[in-house]
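Included below are structure tokens for two forms of one protein chain, each presented in isolation as structure 1 and structure 2.
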Structure 1
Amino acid sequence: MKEYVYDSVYLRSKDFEEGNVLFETWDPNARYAWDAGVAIGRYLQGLKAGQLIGRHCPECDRVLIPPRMFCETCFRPTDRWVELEDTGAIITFSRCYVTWDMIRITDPQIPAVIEIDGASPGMGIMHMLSEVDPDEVQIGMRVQAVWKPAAERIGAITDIAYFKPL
């Protein structure tokens, strides 16, 4: 084995920082502005007005939220807008103790899928829970949207600040 053992040096952070190890870096300049189109456009307009809106499929009779101009199950055009409640029940959730930039936190963020009242079973929207004891959150819990003040709404999913228990 001896002939396979070579003199070696350990690489340390400062070897990278001082340029002793050569590498290339690049920051992508990737910016987009996606066309909302009909369905998302109407949905965002609704959010700005403080209203959740779904779309009805005449084939399977489901009410879909977020709305779409076609039903992915039936592959046919949806036929009408449906105004929905801003209340619902939790389908599933998680208590997250690491932020998306990898910082450990003690008070968890709680994303949840909320089945919206008036939409079909299993049709929910993804949002955050607040004003709730993290340990109390459970599947089936009834919640309601807490909207930002009208002047602060811009037509975005964040026009709802969060959901809280009913």
Structure 2
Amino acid sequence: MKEYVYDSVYLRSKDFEEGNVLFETWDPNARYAWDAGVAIGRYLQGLKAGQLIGRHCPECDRVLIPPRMFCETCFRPTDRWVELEDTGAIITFSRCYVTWDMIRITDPQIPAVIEIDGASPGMGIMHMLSEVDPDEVQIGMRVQAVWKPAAERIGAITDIAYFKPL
């Protein structure tokens, strides 16, 4: 018979079977909800409408994308929304021959960080490139968002299907 030790009191399997010990078993309901917050919530609304939106920092005079309510450089509150272009330049990229779910592929996926026009230098978003020969992708290449049809947009970064060269 198996024994359990708790504060120097020995418990036996029989104690559990006979109900001499109070215990509970249950399957927790571990569902949760994610709150996007003011800045990302507005950003997602913009994506659904086919628009990229940033925030302006009055202290640094920077335009931040993705938007934030506080500047991470000077720690000041941002003061206004800024509508941005859906064009930009590649500031870094990669060729991936394995998908996110670990499937090997022969034609690479090309994730890139795109510095969005109208945002401050170095401010960009990561997204996929398409309609481009992987050998032609380069830092500084000008690209434009290819949006899903309005009826298919849900307010997510995937409302942009991909970026393509200009």
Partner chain sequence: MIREVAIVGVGWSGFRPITPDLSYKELMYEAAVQAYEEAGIDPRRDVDSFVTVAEDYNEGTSIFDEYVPDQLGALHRPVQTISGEGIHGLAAAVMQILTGQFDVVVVEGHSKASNILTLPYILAFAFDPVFNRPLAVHPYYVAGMEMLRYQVESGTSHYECACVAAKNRNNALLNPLAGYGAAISAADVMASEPVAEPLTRLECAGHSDGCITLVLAAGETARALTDTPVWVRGIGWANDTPWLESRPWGEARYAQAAAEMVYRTAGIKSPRAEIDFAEIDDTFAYKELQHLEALNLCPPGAAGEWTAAGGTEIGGEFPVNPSGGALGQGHLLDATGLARVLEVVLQLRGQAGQRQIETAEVGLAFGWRGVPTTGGAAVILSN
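What you see is a predicted model; the values in this text were computed from it and never measured. Counting starts at 1 with the first residue of structure 1 and goes up one by one along its sequence. Between two forms, the rigid core is the largest collection of C-alphas that superpose within 1.5 Å.
Pick out the form predicted alone: structure 1 or structure 2. The form predicted alone is shown as structure 2.
Answer yes if the Cα of Gly140 shifts by 2 angstroms or more between structure 1 and structure 2 on a rigid-core superposition, and no otherwise. After core superposition, the C-alpha of Gly140 moves less than 2 Å between structure 1 and structure 2.
Asn20 C-alpha shift between structure 1 and structure 2 of 2 Å or more, rigid core reference: Yes, the C-alpha moves 2 Å or more.
Once the core is aligned, does Thr106 move its Cα by at least 2 Å between structure 1 and structure 2? No: Thr106 shifts by under 2 Å between structure 1 and structure 2.
Core superposed first, then measure: what is the displacement of the CA of Arg31 between structure 1 and structure 2, in Å? A shift of 5.1 Å.
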